[in-house]
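So this first bit is one chain, no partners, the form predicted alone, shown in structure tokens.
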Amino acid sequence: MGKNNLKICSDLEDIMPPEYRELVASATYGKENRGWKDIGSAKELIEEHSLCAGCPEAIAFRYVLASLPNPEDTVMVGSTGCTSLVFPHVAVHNIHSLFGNQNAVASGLKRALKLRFPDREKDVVVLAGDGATVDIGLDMTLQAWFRQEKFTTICFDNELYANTGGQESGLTQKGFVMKMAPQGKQFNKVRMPEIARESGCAYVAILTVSKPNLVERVLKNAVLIARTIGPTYIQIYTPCILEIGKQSMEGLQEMRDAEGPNDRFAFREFITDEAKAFLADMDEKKKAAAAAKIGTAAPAGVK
């Protein structure tokens, strides 16, 4: 995928579907500083989807796609769930794994890409729900971190099984009552960010998608750190408004309510010392490049 590959033969231009022509013209591949502000103008950032109206997962998916630092060299690994309905609409290479084994698939994929493209950086990003990440796929999630596999794991935390009728998951809040858990959750929400930290992740963040600037920064940090240092983990609250009894326009407020001070989705970030040094060095290089641009653009004789 990329601008070099995403071209239309001039002889076939007039017969290509207008949607595809627009995709080629507006794709953000190769664009410097691409980000969430491209949503609405770039067709590959999920113009349409088959999820419920107002679904926070659809918002989160758009932000994730827009924030990938190098989408033309990125492969996403998904798992069974609501997100698997969206991947067919995504103009980024992706693989649909079996339920729960997404981190195992990503491990092999990352190693194979390194062998196949030794001189080219290929990012692998896992995207799965709380059932695939924390319940059924926990062993493979942890083993990838133990092995220090260099890819990013994103958990869309619905706090329940949204795709199959509203059963409780390990990430459901204690006491929460659902259609298929009428007695309420009997134990506390699994502390997955802490587990990720203790399992060797170099960067861990927990947040909602109510602040797109924050999602973009966190996602880029996670992918770039994973390239060089080791596994990274992001847990994003994407409530299933259908299963928790909210209206389609209430998803954003639900996320805001969950990210208050000391609440379960108050923004938290863990960065190892090595990862901090990496980010600091990256910032210095960006500043130097920006200063060089300004110097190049200055009129002759002006310093």
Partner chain sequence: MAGNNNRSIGAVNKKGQKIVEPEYLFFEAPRQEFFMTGSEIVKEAIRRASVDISVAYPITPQSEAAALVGELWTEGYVGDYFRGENEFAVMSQCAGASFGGARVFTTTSGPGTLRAFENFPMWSGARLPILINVMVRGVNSPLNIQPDTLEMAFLLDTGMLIWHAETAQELFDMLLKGFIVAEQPDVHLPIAVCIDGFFVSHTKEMVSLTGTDICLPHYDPYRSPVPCMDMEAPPMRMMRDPFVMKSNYISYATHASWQQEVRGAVERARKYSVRYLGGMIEEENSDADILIVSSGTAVAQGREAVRLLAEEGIKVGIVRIKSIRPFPTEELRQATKNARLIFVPEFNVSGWMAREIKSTIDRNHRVIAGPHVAGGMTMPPEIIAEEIKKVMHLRKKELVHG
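Numbering follows the first chain given and starts at 1. Between two forms, the rigid core is defined as the largest C-alpha subset superposing within 1.5 Å. All of these numbers come straight from a predicted model, not from anything done at the bench.
There is another form of the same protein, the form predicted in complex with the partner chain; it is not shown, and what comes next is about it.
- Taken together, the three residues G165, N221 and D257 all stay farther than 4.5 Å from the partner chain in the model of the complex, as judged by their closest heavy atom.
- The stretch in contact with the partner chain in the model of the complex, judged by heavy atoms within 4.5 Å, is 104-112, chosen from 229-237, 178-186, 104-112, 211-219.
- The shortest heavy atom separation between Q173 and the partner chain in the model of the complex exceeds 4.5 Å.
- At a distance threshold of 4.5 angstroms between non-hydrogen atoms, L207 is out of contact with the partner chain in the model of the complex.
- Taking the partner from the other structure, the partner chain in the model of the complex has a heavy atom within 4.5 Å of a heavy atom of T74.
- Taking the partner from elsewhere, E198 is found to have every heavy atom lying beyond 4.5 Å of the partner chain in the model of the complex.
- For the stretch 131-152, the set of residues having any non-hydrogen atom within 4.5 angstroms of the partner chain in the model of the complex comprises D139, M140, Q143, R147, E149, in sequence order.
- Annotation for M16: C-alpha shift of 2 angstroms or more between this form and the one not shown, rigid core superposed.
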